[in-house]
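The form predicted alone is given below as one chain in structure tokens.
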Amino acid sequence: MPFPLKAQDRTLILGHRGAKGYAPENTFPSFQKALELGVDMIELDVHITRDGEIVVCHDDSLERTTGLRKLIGELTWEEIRKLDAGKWFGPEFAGAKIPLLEEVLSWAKGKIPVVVEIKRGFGEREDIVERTIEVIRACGMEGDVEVISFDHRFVKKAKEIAPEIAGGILYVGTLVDPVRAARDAHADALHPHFAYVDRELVEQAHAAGLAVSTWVVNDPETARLLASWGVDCIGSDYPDRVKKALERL
């Protein structure tokens, strides 16, 4: 199936880091919860370890979610896989691990599309884009993944390596020419923070053949307004709230 951001008859719902409001972000309990809540796709973040493995974690530091005051780029996968990334959220999630991207994509295949945000971690290896594309291809998920980043050079590189994989540019602010920014990165979609979305932006993007996917929307009224403007996808920590709100439209 082609990546399902365009040509939809409704606004899609994306689970931000899984279902971040209900389970420890970027872990299997969070992804499974998002699936149970009926999201259209899940979003996750990736970093690269010292030994070149692509792991699913938002921060470049492990302190917030595991308690270890180390950077991902300083450690090997064998060291990271031993950490507990669940108990910080609640005792019932103790033992949840930081997964490999390969593990999540293998689980998602045939179930749900995945948006992969490539992060730029301090001191990390330079080959994170190449390695991420290798993992996506190895899992046979080229048509069910979108690669996004705040580093638009990452998106451009990913599209040059794998033009068959959808790409999107993340940003917070009002760009002078968002279509030009997307074109410069060879992107297929704009991913602005919701505070910088308006009807004009959506119309401009759609006229240029670009999708608009926004984040992180947890308020039902905001979700309904964005959907009324034709936003293609809304990311949320509480995707069930957004789903319920949009069902009333």
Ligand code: G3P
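All residue numbers are counted from 1 along the displayed sequence. All figures in this text were calculated on a predicted structure; none of them were measured in a lab.
Heads up, the form predicted together with this ligand isn't pictured, but that's what we're talking about next.
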Subject >> Contact residue in the model of the complex, chosen from 53, 60, 188, 45 - any heavy atom within 4.5 Å of this ligand >> reply: 45
Original post:
96, 148, 158, 145: which sits within 4.5 Å of this ligand in the model of the complex by any heavy atom?
Top reply: 148
**OP:** Would you check whether this ligand, in the model of the complex, lies within 4.5 angstroms of a non-hydrogen atom from each of 33, 112 and 238?
**Re:** no
Original post:
Just one of 161 to 169, 128 to 136, 73 to 81, 113 to 121 has heavy atoms within 4.5 Å of this ligand in the model of the complex; which?
Top reply: 113 to 121
**OP:** Spell out, yes or no, whether the shortest heavy atom distance between residue 28 and this ligand in the model of the complex is within 4.5 Å.
**Re:** no
Original post:
Is there a non-hydrogen atom of residue 194 within 4.5 angstroms of a non-hydrogen atom of this ligand in the model of the complex?
Top reply: no
**OP:** Heavy atoms within 4.5 Å of this ligand in the model of the complex is the criterion; list the residues of 204 to 226 that meet it.
**Re:** 215
